[in-house]
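The chain below stands alone, shown as structure tokens; this is the form predicted alone.
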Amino acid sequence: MKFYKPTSLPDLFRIVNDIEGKKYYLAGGTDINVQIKKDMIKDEPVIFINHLNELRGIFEVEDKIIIGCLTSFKDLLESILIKKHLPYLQKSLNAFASPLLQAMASLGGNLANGSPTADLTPPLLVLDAKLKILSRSKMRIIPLAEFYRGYKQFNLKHNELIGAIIISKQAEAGYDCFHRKIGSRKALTIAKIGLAGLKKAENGIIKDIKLAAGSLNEYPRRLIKLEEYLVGKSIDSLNFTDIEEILQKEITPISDLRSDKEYRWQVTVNLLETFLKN
């Protein structure tokens, strides 16, 4: 295994362009170090980037909040800027891992690891977050909803990496916010089910709704068909038979070491009912 430590952002992209084939970026190391230990990563080059301060920090730029990819969960949880503009996002991550892992794990690394159970992705999806994707020659911005293309498959070219997360300062404004992470315990738990939602209702009618699920598909995703069905519906007369039929087309829960698919399905239905009726 070859290890690189670029001296700057331009040096990083020089190294990236010189490497052919698969490579890994090392920041906090909370995911990649486990993969190396388990021989899931063996001979591929590893590029250490955690010292590149250009990719770190939380900033207010006009009507947006920009979060650098190397920003830690601890930084986000303690950010006054996030507390002011995006309190739902901050609160939804309170149960992420342990204080030690919060201090080490980077937001960009959590997204780029591509785990179906990622805590960060569902809340960001309902906030319509975007990603700033960087390469040596250009920068592009894509919706987070377009980043995942399959299990650990990404909308990234070989010479690109996530540079920052972009969220509107008004992303939560006027919405009822919902987030539940269901696990075997309250601390240091991996989600069996993760459900995030934003709902805007007037006179009992759903005017806008955004839903995202984690641990229920090969990657976290928005529940677009269910959102489309729910807009314009009266909360008091929701047809949960129809809702379940649509939900069956949007999630594919599996049985694994943490839970079984029947449990995941029923709890998801229960959580949706709780959110929609309140």
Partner chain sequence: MKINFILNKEAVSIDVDPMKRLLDVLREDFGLMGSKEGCGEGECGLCTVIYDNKPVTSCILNAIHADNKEILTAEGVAEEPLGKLLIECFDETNAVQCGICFPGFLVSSYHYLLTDGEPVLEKIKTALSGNICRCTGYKKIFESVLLACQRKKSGEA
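Source: prediction; values computed, not measured. Numbering follows the first chain given and starts at 1.
Quick note: we don't show the form predicted in complex with the partner chain, though the next part is all about it.
The contact with the partner chain in the predicted bound form, taken as any heavy atom within 4.5 Å, belongs to Asn33 out of Asn239, Asn33, Thr252, Ser234. For the options Ala187, Ala173, Ile205, Ile142, the residue carrying a heavy atom within 4.5 angstroms of the partner chain in the predicted bound form is Ala187. For Ala27, a non-hydrogen atom is located within 4.5 Å of the partner chain in the predicted bound form, even though that partner is not displayed. Interface membership of Val46, defined by any non-hydrogen atom within 4.5 Å of the partner chain in the predicted bound form, is confirmed. Using a 4.5 Å cutoff between non-hydrogen atoms, Lys37 counts as a contact of the partner chain in the predicted bound form.
With a 4.5 Å cutoff on heavy atoms, Leu101 counts as touching the partner chain in the predicted bound form. This chain is displayed without the partner chain, yet in the predicted bound form the stretch 187 to 195 from 119 to 127, 187 to 195, 80 to 88, 158 to 166 comes within 4.5 Å of it by heavy atoms. Although the partner chain is not shown here, in the predicted bound form the stretch 60 to 83 places heavy atoms of just one residue, Lys74, within 4.5 Å of it.
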